[in-house]
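First, one chain by itself: the form predicted on its own, in structure tokens.
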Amino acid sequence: MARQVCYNFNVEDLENKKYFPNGFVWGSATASYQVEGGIENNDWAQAARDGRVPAAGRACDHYIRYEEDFDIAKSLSQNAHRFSIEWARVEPEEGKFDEVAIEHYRKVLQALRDRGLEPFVTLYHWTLPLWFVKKGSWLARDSHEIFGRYCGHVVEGLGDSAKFWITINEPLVFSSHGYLKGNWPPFKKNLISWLRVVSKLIMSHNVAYKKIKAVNPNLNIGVAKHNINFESNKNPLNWLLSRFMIWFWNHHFLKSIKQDFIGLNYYFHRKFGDKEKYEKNDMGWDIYPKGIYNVLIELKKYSKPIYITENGLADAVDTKRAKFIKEHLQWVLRAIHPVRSLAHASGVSPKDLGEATSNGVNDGVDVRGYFYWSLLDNFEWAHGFDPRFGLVEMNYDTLERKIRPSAYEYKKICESNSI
């Protein structure tokens, strides 16, 4: 997947404009259970019926109104969209695939194509069919084979409509909440089970990778990996703890799988021994834009194309979102452009490009796209519908969509391909 990167700027613009590579992917993301509505045969719907999590209900009714939502994405000058297939719709009974559901997702893909939006398709975004849960979920002996079969069948039916496939979204987040913290289905608190599930998810991805490549070897396959910016103060124990977490949380999974690209989801930083106070979003999460640069630099060693498949914040009043996007993208841009490429493209020496580039700010990470989370306000898992991550505000009573001012600021970035 090697490519030659071109830079679309003039020398005189270097000081006042910052450009992303030509062909950069600009989009936003959704996930089936969080927006589609009407899904009742998966583990989260059952947990809602049991009173353990909020109910998603009709959510954003995106299953019906997807074309309207894609029209909005197109109007915001996005050129790509990430969404997920609902496993419980496609395979409602073990080994029995619903071709009507497959055809629905084919129409979704066609709707994206018709609008010039490159599809990035996630095959598993945290919800599981009830029959799979009854078999023991990811701890079942043959869970990896079952998952591989599902992925292969979906790609066989849809693989000619999408080039980019994400097998699993945030494997360590799902597994830690479900098997270690016990606050998501299946509500377990067992360290050994958690580690076993992580191992099973690695196996499942690798089986799915093989199955998908057998269908079409030209497809691009990866995961959406949630990496955290771990740092520490000068305390040696804190330093060791941060290094361990970088190894286990950020890299163990990635080093264990086959992949054509890396999907990076970035939301959190953790500095052990740090007492500094940071600006927060509506969920109390620190806002730390530099962290996306740090985790991108960590990923450079894989020599794989990187797409930022999620980055966003909860901000109901929309006072922080535009600044959040711009500041994170400034750090992304710093990670992208190698000094030599800038010098070659502009015809001047690295020294003449200015202090920022000459001092090693641009480190040459192969980042090829950015997806804001999320296009729409949506069902935010155990938090229900209260958090507001969307570029588009949802009125859940009327299902009215209203584009937020920050979405227009993001639109300017998409249109200019620059900060």
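Everything numeric in this text was worked out from a predicted model, so none of it was measured. We number the residues from 1 along the sequence you see.
Although not depicted, the form predicted together with ligand BGC is the subject of the following passage.
> Of 285, 324, 194, 97, which residue is found within 4.5 angstroms of ligand BGC in the model of the complex when only non-hydrogen atoms are counted?
The option sitting close enough to the partner is 285.
> Please pick, from 370, 373, 66, 33, the one residue with any non-hydrogen atom lying within 4.5 angstroms of ligand BGC in the model of the complex.
Filtering the options by heavy-atom distance leaves 373.
> Partner absent here, but in the model of the complex, which of 125 to 133, 101 to 109, 185 to 193, 87 to 95 has residues with a heavy atom within 4.5 Å of ligand BGC?
It is the stretch 125 to 133.
> Using heavy atoms and a 4.5 Å limit, would one call residue 385 a contact residue for ligand BGC in the model of the complex?
Outside the cut-off, so no.
> With a 4.5 Å heavy atom cut-off, would you call residue 209 a contact of ligand BGC in the model of the complex?
No, residue 209 is distant from the partner.
> With the cut-off set at 4.5 Å between non-hydrogen atoms, does residue 70 touch ligand BGC in the model of the complex?
Close contact is absent here: in the model of the complex, residue 70 is far from ligand BGC, nothing within 4.5 Å, heavy atoms only.
> Might residue 265 be said to contact ligand BGC in the model of the complex, defining contact as any heavy atom within 4.5 Å?
Because a heavy atom of residue 265 falls inside 4.5 Å of ligand BGC in the model of the complex, the answer is yes.
> Is ligand BGC in the model of the complex close enough to 170, 310 and 380 that every residue in that trio has a heavy atom within 4.5 angstroms of it?
Checked in the model of the complex: all three residues contact ligand BGC.
> Could you list the residues in 79 to 109 that come within 4.5 Å of ligand BGC in the model of the complex, counting only heavy atoms and keeping sequence order?
Sequence-ordered list is empty.
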